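The data below hold one chain only, encoded as structure tokens and taken in the form predicted alone.
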């Protein structure tokens, strides 16, 4: 399963309680759409650290990195390339 598929599946199952792929576009803002709140973002961070073996630093906890499937995938790829 690709990084994108893994992240999408996690968000759909844990926050939208669905397996309907059309319920979430890759560029949907989690915060703007009310999909995930600030506590949920912390859970997403734990998921990313556990599943992808990355460390999310405090200064990286920003919407540009974590507020959509696209942003998360780009962030993971950047972290894994380091």
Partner chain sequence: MCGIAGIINLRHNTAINDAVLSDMASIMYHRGPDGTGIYNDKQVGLAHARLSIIDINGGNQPIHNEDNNVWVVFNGEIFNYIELRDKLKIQGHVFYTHSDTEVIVHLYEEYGDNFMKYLNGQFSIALWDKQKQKLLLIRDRVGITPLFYTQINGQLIFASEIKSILVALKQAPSLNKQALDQLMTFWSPVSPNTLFENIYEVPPGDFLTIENGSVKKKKFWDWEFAKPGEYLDKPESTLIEELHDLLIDATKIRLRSDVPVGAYLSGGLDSSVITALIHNYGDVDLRTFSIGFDDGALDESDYQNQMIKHLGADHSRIQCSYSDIAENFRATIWHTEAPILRTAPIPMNQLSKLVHDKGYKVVLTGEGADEVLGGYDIFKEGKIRQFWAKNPDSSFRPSLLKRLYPYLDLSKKQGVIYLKNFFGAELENPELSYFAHLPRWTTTAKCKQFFSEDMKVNLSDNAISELEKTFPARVSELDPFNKSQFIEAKSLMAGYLLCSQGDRMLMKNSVEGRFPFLDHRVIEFANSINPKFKMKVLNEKYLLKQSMRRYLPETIVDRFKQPYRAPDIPSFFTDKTPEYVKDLLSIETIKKYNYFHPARVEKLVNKIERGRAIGTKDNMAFIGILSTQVWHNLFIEGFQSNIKTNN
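Remember, it's a predicted structure, so these values are computed and weren't measured experimentally. Positions refer to the first chain, counted from 1.
Although not depicted, the form predicted together with the partner chain is the subject of the following passage.
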| query | finding |
| --- | --- |
| Interface membership of residue 56, the partner chain in the predicted bound form, 4.5 Å heavy atom rule | no |
| Residue 27 within 4.5 Å of the partner chain in the predicted bound form, heavy atoms | no |
| Any non-hydrogen atom of residue 69 within 4.5 angstroms of the partner chain in the predicted bound form | no |
| Close approach of residue 14 to the partner chain in the predicted bound form, 4.5 Å, heavy atom | yes |
| 4.5 Å heavy atom contact with the partner chain in the predicted bound form for all of 31, 39 and 42 | yes |
| Within 59 to 76, the residues that have a heavy atom no more than 4.5 Å from the partner chain in the predicted bound form | 59, 61, 62, 63, 64, 66 |
